[in-house]
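A lone chain, given as structure tokens: the form predicted on its own.
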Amino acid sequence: MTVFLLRRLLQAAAVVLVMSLLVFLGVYAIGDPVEILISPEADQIERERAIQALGLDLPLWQQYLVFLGRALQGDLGLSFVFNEPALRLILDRMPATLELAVGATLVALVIGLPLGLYAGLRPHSPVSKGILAGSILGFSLPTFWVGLMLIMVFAVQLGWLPSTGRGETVTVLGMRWSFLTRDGLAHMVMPTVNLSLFKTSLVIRLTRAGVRETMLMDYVKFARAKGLSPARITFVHVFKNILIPVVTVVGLEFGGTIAFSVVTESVFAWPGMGKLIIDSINVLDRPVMVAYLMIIVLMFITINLVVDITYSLLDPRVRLEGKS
């Protein structure tokens, strides 16, 4: 296990270094923030002073080396717009995004696993066909349209839930959380459901396919021949084995949920990282854009490592040395 972790950490460091170069070059090749941030009425001296203050007067390779040196010290630069550390801006918005991502993943598992299990065990029943049809809708419906419909029905017409914002929050460990308050939970319901729609459909289809495949395995037939109850066969022999691919895919999708929560946060005016990156793109706030993308890269790497370890714990036959 120690050798595996060391190898993965070295691989992660190499990936982060390469991605930092790609992200930096990609972001800094888009547009000119000077045209947006500096007033067109400013004279040449003021423009040159502002360009120098932003560090945009250096060649691109020097800007990258400066960025890399500061990044190793935990400094991803100052926001052009807010004049605050970009990393601090991202971390301030991170709890809001994590709340939605974790909530959406839990909703997907709580709803998707039992529905997929039922659809796999009774594939020809009308209910199973309805579940599959619903999963297809979950894949097909645009996220922004579903969000608007949720607002129209539950906020405007019925008045059951608040339409936008994060609601009341409490500070725990220096970070603001909304799921710990009743008002915050009410604000979380619609964006969480909206964000979980695709993931729920994915879990349903993964679980159904896994059940259908596992029910044909020899050890399941042997368990039936031994006279084990259907419930024991389902939850001990079948369910445990289908969890392996589900955990793997859901774990990887969790990173995607964080990265692509932009649409949901924009529709519901949720003050998370996604909304911040959209606002930063509009004004070409390069340090914030780079900081956001680098944090997403680190999240994906961490999630991959956790998924690999969880995979090996669920299936003892997996050898970490072989996976590395």
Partner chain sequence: MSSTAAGSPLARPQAAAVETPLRRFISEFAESRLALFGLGLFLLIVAAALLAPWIAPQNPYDLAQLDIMDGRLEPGSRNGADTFIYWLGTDDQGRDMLSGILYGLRISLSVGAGSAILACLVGASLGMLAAYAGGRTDGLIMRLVDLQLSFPAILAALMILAFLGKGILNVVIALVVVEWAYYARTVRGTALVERRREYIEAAQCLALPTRRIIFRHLLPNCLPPLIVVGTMQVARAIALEATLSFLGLGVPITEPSLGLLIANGYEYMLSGKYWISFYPGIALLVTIVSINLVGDQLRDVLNPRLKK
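Given the structure is predicted, the values throughout are model-derived calculations rather than measurements. Numbering follows the first chain given and starts at 1.
Missing here is the form predicted together with the partner chain; even so, the following discussion is about that form.
Ile151 is the sole member of Val193, Leu117, Val246, Ile151 with a non-hydrogen atom lying within 4.5 angstroms of the partner chain in the predicted complex. None of Val127, Val172, Ala186, Val156 but one reaches within 4.5 angstroms of the partner chain in the predicted complex through a heavy atom, and that residue is Val156.
Residue contact with the partner chain in the predicted complex: Gly256 places a heavy atom within 4.5 Å of it. The closest non-hydrogen atom of Val66 lies beyond 4.5 Å of the partner chain in the predicted complex. The closest heavy atom approach of Asn304 to the partner chain in the predicted complex falls within 4.5 Å.
At a distance threshold of 4.5 angstroms between non-hydrogen atoms, Val267 is in contact with the partner chain in the predicted complex.
The stretch that touches the partner chain in the predicted complex, counting heavy atoms within 4.5 Å, is 143-151, out of 108-116, 222-230, 70-78, 143-151.
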